[in-house]
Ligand code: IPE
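What follows is one chain in structure tokens, specifically the form predicted alone.
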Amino acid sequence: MQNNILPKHIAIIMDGNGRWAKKRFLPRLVGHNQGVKSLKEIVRYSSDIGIEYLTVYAFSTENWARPKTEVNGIIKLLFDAMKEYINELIENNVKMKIIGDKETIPENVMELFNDCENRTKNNTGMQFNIAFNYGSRQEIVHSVKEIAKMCLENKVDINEINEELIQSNLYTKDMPDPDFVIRTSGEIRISNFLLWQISYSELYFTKTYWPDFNKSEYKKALEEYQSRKRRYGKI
């Protein structure tokens, strides 16, 4: 693997926790717990090799429709992992940011998110984005509403609306678009994740379930990225 041509921004759809557990006749939450362990390994390695931005799809707006016991279990796992892991993020100079609809996140969870963001906000290393209560269509609607408000307040003329203005009102406004999108578990779809931002991203799909997606699998994905030639619609 050549470190001089690594993606600047990697986005990951962490999929397959439930199927990993089912295959082993284990409760789904055991799969989610193992998935948290995989996430820690990937975050550490990404920071070590110099990835500047890592965005992971942790919980979508649609995930609230899952059984209540599973939703509560996922939130508790994330809650516990963040409390346990925050000091390591600080020690490794990693900045953490939550992207998603923060208005409807449970108050106790949002308090923890805010604490983690505040404690890492001055870090200058990799930015680790957790997409929680996130849906890309909802994000685009949010951006459109913000721009409509500006027009009504005569802050923006309708003829001034362009890609840059839409981008500046997305949750990811302060970061570059992903260069590389990874999805685990064998599913070949995007599932309402960063639809605007990944227009020219390289996509990588692996049959490996997320709990088994370790450093070795990650290196394999990065080597595949390095073998491609990005054209951005050009010849």
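Numbering starts at 1 and follows the sequence shown. Owing to the predicted nature of the structure, the values given are computational and were not obtained by experimental measurement.
Another form exists, predicted together with the ligand; not displayed. Remarks below refer to it.
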Where does the ligand sit in the predicted bound form: which of 170-178, 197-205, 65-73, 39-47, heavy atoms within 4.5 Å?
65-73
Evaluate residue 59 for contact with the ligand in the predicted bound form, applying a 4.5 angstroms cut-off between non-hydrogen atoms, and reply yes or no.
yes
Is residue 222 near the ligand? Define near as a heavy atom within 4.5 Å, in the predicted bound form.
no
Does the ligand come within 4.5 Å of any heavy atom of residue 215 in the predicted bound form?
no
Let me test this: is every residue among 7, 9 and 231 within 4.5 Å of the ligand in the predicted bound form, going by heavy atom positions?
no
Taking heavy atoms and a 4.5 Å limit, what residues of 7-33 are near the ligand in the predicted bound form?
13, 14, 15, 16, 17, 18, 19, 28, 32
